[in-house]
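Taking the form predicted on its own, here's one chain by itself in structure tokens.
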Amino acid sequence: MKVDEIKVCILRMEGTNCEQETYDAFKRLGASPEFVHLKQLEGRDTLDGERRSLQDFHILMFPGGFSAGDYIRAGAIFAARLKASVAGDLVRFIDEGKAIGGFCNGFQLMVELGILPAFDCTMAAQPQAVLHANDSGRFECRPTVLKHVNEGKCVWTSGSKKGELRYIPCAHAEGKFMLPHESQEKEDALYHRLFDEDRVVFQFSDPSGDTSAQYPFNPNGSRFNIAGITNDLGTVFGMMPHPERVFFRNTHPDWYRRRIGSEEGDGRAIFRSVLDYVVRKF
């Protein structure tokens, strides 16, 4: 498959607001993205020819924003509507090896859907984790340093070396990744499982690469500074910071001061990696 044949579904609904940057990132790399409203997948309130099926696409993207106003919980309403209408199609999409990505609100939505972390399943009946309110109790919009810690499972970061640091901004109020706490022993076992199965993709760090550094380097207080994870196949990937906002170097907050010559921003490799995967896979 050629890159220009890759069809990317940029799924949106009322409240999403990062779809344009996500669309542009894929378009600039030569793919064929399309804005798709949730109603087009649901098959309601659409005109003839506007109905869409997930099977028409190779990549599904959940952009950032505040879907449905983040009422109840961030991403909960968007997830509930998807699960009620296209749950079977989503499971099939994942089982076929197609790629799903979500940034910020998209990550929150994926956790609510049960497709992350997805222990022992493709889609859990109930959420297996939560993106909780930041420890600071406020919306955090700041540059963050991410350390790529994946050994190679995640297809979205296959073009990055383990240990690389990437400078990617965050903007969220509910980004603290948390696993269930039935007991400290069981909770610890789940976190260790994520690492043992190579499911943790990014951790927040300080500029030296220390992934134990706390606030403000970790903007939300997540345990082990977890910033992004993948499923067992490595095809479903969610992260809290926004790589689509640093596709170019001159959108980095330190660009003018550092005068870095390369035009490539630290987020571009994520989009390029998943396109490379689809080219090889299909």
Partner chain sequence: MDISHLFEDLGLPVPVKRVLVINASDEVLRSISDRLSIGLSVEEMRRVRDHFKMEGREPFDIELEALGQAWSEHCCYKSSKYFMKRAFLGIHQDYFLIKGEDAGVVEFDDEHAYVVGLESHNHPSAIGPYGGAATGVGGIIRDVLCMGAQPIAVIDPLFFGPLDLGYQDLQEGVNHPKFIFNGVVAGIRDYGNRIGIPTVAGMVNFHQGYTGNPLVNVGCVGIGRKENMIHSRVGGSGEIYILAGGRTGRDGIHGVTFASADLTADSEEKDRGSVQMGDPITKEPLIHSCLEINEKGLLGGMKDLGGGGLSCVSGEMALAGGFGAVIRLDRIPLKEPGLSPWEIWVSESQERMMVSVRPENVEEVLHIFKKWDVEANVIGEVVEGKRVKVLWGEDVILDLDLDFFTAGPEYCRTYRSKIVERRVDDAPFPQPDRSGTEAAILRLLGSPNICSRERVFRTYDHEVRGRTVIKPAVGKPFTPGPSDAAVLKPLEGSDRGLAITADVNPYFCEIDPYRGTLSAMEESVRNLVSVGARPHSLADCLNFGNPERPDRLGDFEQSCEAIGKFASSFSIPVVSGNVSLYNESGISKVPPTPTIMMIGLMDDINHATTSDLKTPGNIIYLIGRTYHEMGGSAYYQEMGVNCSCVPDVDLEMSKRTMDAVLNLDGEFLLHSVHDLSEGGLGVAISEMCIGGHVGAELNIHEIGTHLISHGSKALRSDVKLFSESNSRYLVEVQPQDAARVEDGLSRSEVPYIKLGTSGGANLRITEREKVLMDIPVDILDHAWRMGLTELLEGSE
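Numbering follows the first chain given and starts at 1. Fair warning: this is a prediction, and the values are worked out from it, not measured in the lab.
There is another form of this protein, the form predicted together with its partner chain, and it is not shown here; the text below is about that form.
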For this session: Tell me, out of Ala68, Ala213, Leu233, Leu54, which residue has a non-hydrogen atom within 4.5 angstroms of its partner chain in the predicted bound form.
Result: Ala68
Seminar exercise, completed: Assert contact residue (its partner chain, in the predicted bound form, non-hydrogen atom within 4.5 Å, options Lys162, His192, Arg142, Arg92) equals Arg142
Problem set entry | Option from 84 to 92, 194 to 202, 115 to 123, 142 to 150 whose residues, in the predicted bound form, bring a heavy atom within 4.5 Å of its partner chain | 142 to 150
Exercise. His58 near its partner chain in the predicted bound form, any heavy atom under 4.5 Å?
Worked result: no
Exercise. According to a 4.5 angstroms non-hydrogen atom cut-off, is Asp24 in contact with its partner chain in the predicted bound form?
Worked result: yes
For this session: Give a yes or no for Pro207: in the predicted bound form, does one of its heavy atoms lie within 4.5 Å of a heavy atom belonging to its partner chain?
Result: yes
Problem set entry | Non-hydrogen atom contact Arg223 with its partner chain in the predicted bound form at 4.5 angstroms | no
Exercise. Using a 4.5 Å cut-off on heavy atoms, which residues of 1 to 35 contact its partner chain in the predicted bound form?
Worked result: Arg12, Met13, Glu14, Gly15, Thr16, Asn17, Cys18, Glu19, Glu21, Asp24, Arg28
